[in-house]
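Have a look below at one chain only, the form predicted alone, in structure tokens format.
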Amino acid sequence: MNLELSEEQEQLAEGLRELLVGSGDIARVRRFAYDGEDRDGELWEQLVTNGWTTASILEKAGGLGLGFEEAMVIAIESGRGVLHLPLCETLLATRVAGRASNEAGDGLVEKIAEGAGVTLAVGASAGGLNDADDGVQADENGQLTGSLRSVPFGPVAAHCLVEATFPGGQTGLFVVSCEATGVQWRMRQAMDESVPRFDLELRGAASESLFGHTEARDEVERLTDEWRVLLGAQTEGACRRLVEMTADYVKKREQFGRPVGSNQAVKVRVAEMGAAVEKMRAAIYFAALSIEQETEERSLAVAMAKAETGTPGAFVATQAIHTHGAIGYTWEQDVHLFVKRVKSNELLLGAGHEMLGHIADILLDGSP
């Protein structure tokens, strides 16, 4: 099993990195996520035009036909650039819509190919900030009622995938227009404002079921697992950028006429940060391959990746602040933008201790 990027995947990463840096990079994130400017339609249009939103759509349907490993690469770069748009969520939506292979799925794929963004309101039972308030119920006509907390991006996207329960108890996955009648969004305070979060209230909102009236719990769990891996990949990208920023800073910052990086304690701290990031990358690569190859150890690999990017990610983030010294705590220093993304991702869809418990259940009981 190869845990290294191929030449084509490296080129894919470089392409997205160049686009994000060329469009303004962190200065742009500050403008649109923190300084109150309108939605960043210009950058989203660039992502659409260059094929990033349709990377996981089959070529015959107008996409690039890339797999989950490539989605992981895209997620790493979106974390490295603290991307403030629902690119990863849209990629996941195209994957599950493609598996639906019906009119609803084809319709969603077509809308994404035309430039629509999609967000996700799933994983209510997965822990973290996506817990359900009272859950969402679907009637026989597909009208949805209920609420979910902390949906990323909310009305910034055009459509939302919602996990809901049919009257008979089956789990369904539904496509809802973010501006449909009966859909209400209420913005909530978030640590990482580059990913705005909204509470979703549904009051008889019309929807389309991706899998009809059949049980879709396995599909929801698969989607949630894929989302966990992409969150972990974002964390790895953000942490790798933090290591680079920190190493560059300690080479230039001088104290008593010497670079602070010449201090042995500082060298060790930066080395430990780098070692943590390498372990993260190995974990998310393994999880991505397990999903791509549909192996039996998918659940274990995903839980390991989420755990290995959770608490270790927080370690890298805090060490980056400490190593920057007093300036690391200031608004002007970009470090805090990455720290907020890393810390938020740690809590979403199962924090480290929850994932460790999940790993124990799998190893000891054989339960998923």
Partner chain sequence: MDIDLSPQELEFRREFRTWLEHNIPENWEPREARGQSHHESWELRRDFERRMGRDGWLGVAWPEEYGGRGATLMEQVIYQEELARSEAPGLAGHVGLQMVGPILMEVGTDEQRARFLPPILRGEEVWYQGFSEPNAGSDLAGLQTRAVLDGDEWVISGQKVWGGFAEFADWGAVLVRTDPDVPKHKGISFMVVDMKSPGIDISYIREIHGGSNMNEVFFDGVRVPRDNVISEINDGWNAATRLLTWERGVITLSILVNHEIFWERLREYALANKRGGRRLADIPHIREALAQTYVNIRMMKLANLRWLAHYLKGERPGLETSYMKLYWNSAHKSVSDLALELGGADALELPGSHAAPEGAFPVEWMASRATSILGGTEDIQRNIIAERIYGLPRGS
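What you see is a predicted model, and the numbers here were worked out from it, not measured in a lab. Positions refer to the first chain, counted from 1.
A second form of this protein, the form predicted together with its partner chain, is not displayed here; the remarks below concern that form.
- For the residues 154, 146, 142, 261, the 4.5 Å heavy atom test against its partner chain in the predicted complex is passed only by 261.
- Note on the partner interface in the predicted complex: the residue among 158, 247, 180, 113 having a heavy atom within 4.5 angstroms of its partner chain is 247.
- Taking the partner from elsewhere, residue 308 is found to have a heavy atom lying within 4.5 Å of its partner chain in the predicted complex.
- For the chain shown alone, residue 285 is a contact residue for its partner chain in the predicted complex, at least one non-hydrogen atom being within 4.5 angstroms.
- Although the partner is absent here, residue 170 is not a contact residue: none of its heavy atoms lies within 4.5 angstroms of its partner chain in the predicted complex.
- Although the partner is absent from this view, residue 293 contacts its partner chain in the predicted complex, with a non-hydrogen atom inside 4.5 angstroms.
- Contact annotation: its partner chain lies within 4.5 Å of heavy atoms from the stretch 297-305 in the predicted complex, the single such stretch among 23-31, 339-347, 297-305, 54-62.
- Residues in 209-226 all lack a heavy atom within 4.5 Å of its partner chain in the predicted complex.
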